[in-house]
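One chain is shown next in structure tokens, namely the form predicted on its own.
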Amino acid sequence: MPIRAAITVCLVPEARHGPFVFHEALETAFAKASAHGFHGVEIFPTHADDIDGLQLRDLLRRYGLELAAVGTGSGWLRRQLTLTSSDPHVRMQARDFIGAIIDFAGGFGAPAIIGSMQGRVADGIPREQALAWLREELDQLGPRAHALGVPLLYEPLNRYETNLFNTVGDVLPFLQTLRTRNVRLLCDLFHMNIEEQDIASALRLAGHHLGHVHLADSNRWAMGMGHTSMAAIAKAVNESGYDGFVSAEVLPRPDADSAARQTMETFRQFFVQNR
């Protein structure tokens, strides 16, 4: 299957100024995504229960789109839930929140994303303890996704957002300690621009662990609107055998339609998979 282009749709009012292209109702956003030529949409919901599955299925069919992935970040944004909280009740709530999104997304053949809900090593907590909590949760959530035939996506974030894992090289040894083999990496080019010495080399290192790509420039605008050099990055992705989505998790600047248009120009230039 060829690499496909996706675009982000945010349904969380508190994330209005976040790195998501469309913030309209689903049908409006899907109509725009389809008009710009995208193959899929990545949704950032408030909760799994807040999306009407029948409506979503109808809209995807009507606009010829796939569900590329579903984000879980609202669990952190709205409720401060993380998988590495020192409070076992909070960890349980975080697991349940993510699990519900895994179940919902998996019904559409799409993975759930663990980004901000991974949390961080809190002051006073030994790093190994925080990693043990994270390992325990991923070893429960990974098989839950596997039962639905989809991977679970784990996203290394930059140092300003987490102190768990910031680079591909950091996180790969940790993945090997998991009992589950169903956790894949979401490689976000914005975070990688901050943390990786060489983004293309990091993508090659990810290899078969690569499960999703966030296509974003150095300033988190659409690719082509910052200073990230795309040629070597695209070559690494194309040669890796990756056959998933490259998804625009970017700021809607100078406006949403311009960000969408620029993303598709970059996609067609470097991934050469027109609709």
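Keep in mind it's a predicted model, so treat the numbers as computed, not measured. A residue's number is simply how far along the shown sequence it sits, counting from 1.
This protein has a second form, the form predicted in complex with a small molecule, left out of what is shown; the following refers to that one.
- Picking from 103-111, 171-179, 89-97, 149-157 the stretch near the small molecule in the predicted complex, with a 4.5 Å limit on heavy atoms, gives 149-157.
- Although the partner is absent here, residue 39 sits far enough away that none of its heavy atoms falls within 4.5 Å of the small molecule in the predicted complex.
- In the predicted complex, at least one heavy atom of residue 19 sits within 4.5 Å of a heavy atom of the small molecule.
- In the predicted complex, no heavy atom of residue 184 sits within 4.5 Å of the small molecule.
- By the criterion of a heavy atom within 4.5 Å, residue 161 is counted among the residues contacting the small molecule in the predicted complex.
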